[in-house]
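The form predicted alone is given below as one chain in structure tokens.
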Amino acid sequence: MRRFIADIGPAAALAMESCVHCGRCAEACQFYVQTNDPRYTPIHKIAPLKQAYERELGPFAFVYRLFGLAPQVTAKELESWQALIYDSCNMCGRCSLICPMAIDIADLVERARHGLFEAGLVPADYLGALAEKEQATGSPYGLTQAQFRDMLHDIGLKHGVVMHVDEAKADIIPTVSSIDLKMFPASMAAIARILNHMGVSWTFRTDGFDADNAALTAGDRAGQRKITLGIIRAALACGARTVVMPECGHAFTEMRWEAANSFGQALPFRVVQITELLAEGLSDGRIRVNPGVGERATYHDACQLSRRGGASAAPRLILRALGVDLREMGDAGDANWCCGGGGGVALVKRAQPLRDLAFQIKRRQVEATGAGTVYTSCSGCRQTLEHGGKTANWTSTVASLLERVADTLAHNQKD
């Protein structure tokens, strides 16, 4: 209850009072659309938060308590809500976008997760375990600084690229996603190759490298702050002017929009997502590529990068520079449908049947384009799309936009 109350500031209170119960958010949620189950209506998912507000902070709180109209939220009640908050919400923000009262329901779900975390109700399998490991070690997989340094060395040798690590001064530091560390290590070679090609001063930092921030999706505010401050300190230590976020939606959300709150002041460097950096480099000539001819592809917008991050234009500029015949999906860009695994849902084992059902929207959209390749700029989305594609027997290939750019660099510059 204390955590719920602590998270209900003026903006959340206004949201609670503003809902007119129009139901439009329901049609924006893939879990509701695919099941027609009223439990999955987005505004219903935050019922415990609203109950706490009405009982403790609302203008008629005294009346609600006196007549028992809003009983105190109990741990048992939260247990029954856990699956709704963690299994059936990607915090994708599609409901927030469509709400006529401008209620950021995704933000309210994040606040509700803080309360569930404090009550010890984070799903233990994967999500909870990774968040706990991250809190203890700074990495969801417990990777030490020495291990990360060795990994970068091995990746550099394997891919034939110079890796800059722990240099005392650098203008740019790229961060990585834990998913890339485990599943897509070639992405780290790709960013190194591109930064070398651009001729900029850069370095990986082992004292603040993992930006995935499992704590954010678990609802662990202290863990979230710890990871964020680690990256900020690493950037300050080498005087970085730009911190580049990896192909990870929630990493971008945290560092771009929430990190200054953890730091207590405006960040002394700019934060860009990797697609934004690539688009900048292609626009000003620092990145030159050998474009292909008419590759038929589509692009999946990661929710935290497009709708909630404002980076919808950058990947399309990149795809044009690559000569791709872009076949847009329905509701592309800011109105995109989530891959189904965002917001930590992919890390909740019991949620897989519901996640697979939600994925059918994306499956239909991809298949309607007839594209041979599905590009994305989020490794979490890439993982979910690959899993869904195997289940659907796709002939389409899921690929990283970052790695595609690295593979097509023009070699008339030093790389």
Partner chain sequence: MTLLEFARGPALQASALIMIAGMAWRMAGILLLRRRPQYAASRHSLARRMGGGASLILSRFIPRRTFWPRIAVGVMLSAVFHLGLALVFFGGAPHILLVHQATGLIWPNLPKGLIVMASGLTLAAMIALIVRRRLHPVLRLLSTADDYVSWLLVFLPVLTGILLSGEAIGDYGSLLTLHILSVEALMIWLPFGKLMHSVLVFAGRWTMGVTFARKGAAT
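Residue numbers count along the first chain shown, from 1. Just so it is clear, the model here is predicted, and its values are computed rather than measured.
There is also a form predicted in complex with its partner chain; it is not shown, and the following applies to it.
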item: In the predicted bound form, H197 touching its partner chain (heavy atom, 4.5 Å); value: no
item: Contact of H44 with its partner chain in the predicted bound form (heavy atom, 4.5 Å); value: yes
item: Distance check, Y32 to its partner chain in the predicted bound form, heavy atom within 4.5 Å; value: yes
item: Its partner chain contact at N261 in the predicted bound form, heavy atom, 4.5 Å; value: yes
item: Among 175-183, 328-336, 283-291, 208-216, the region lying within 4.5 Å of its partner chain in the predicted bound form by heavy atom distance; value: 328-336
item: In the predicted bound form, the one of L319, L97, A237, V165 near its partner chain [non-hydrogen atom within 4.5 angstroms]; value: L97
item: 4.5 Å heavy atom contact with its partner chain in the predicted bound form for all of I8, F62 and R308; value: yes
item: Sequence-ordered list of residues in 217-236 near its partner chain in the predicted bound form, where near means a heavy atom within 4.5 Å; value: none
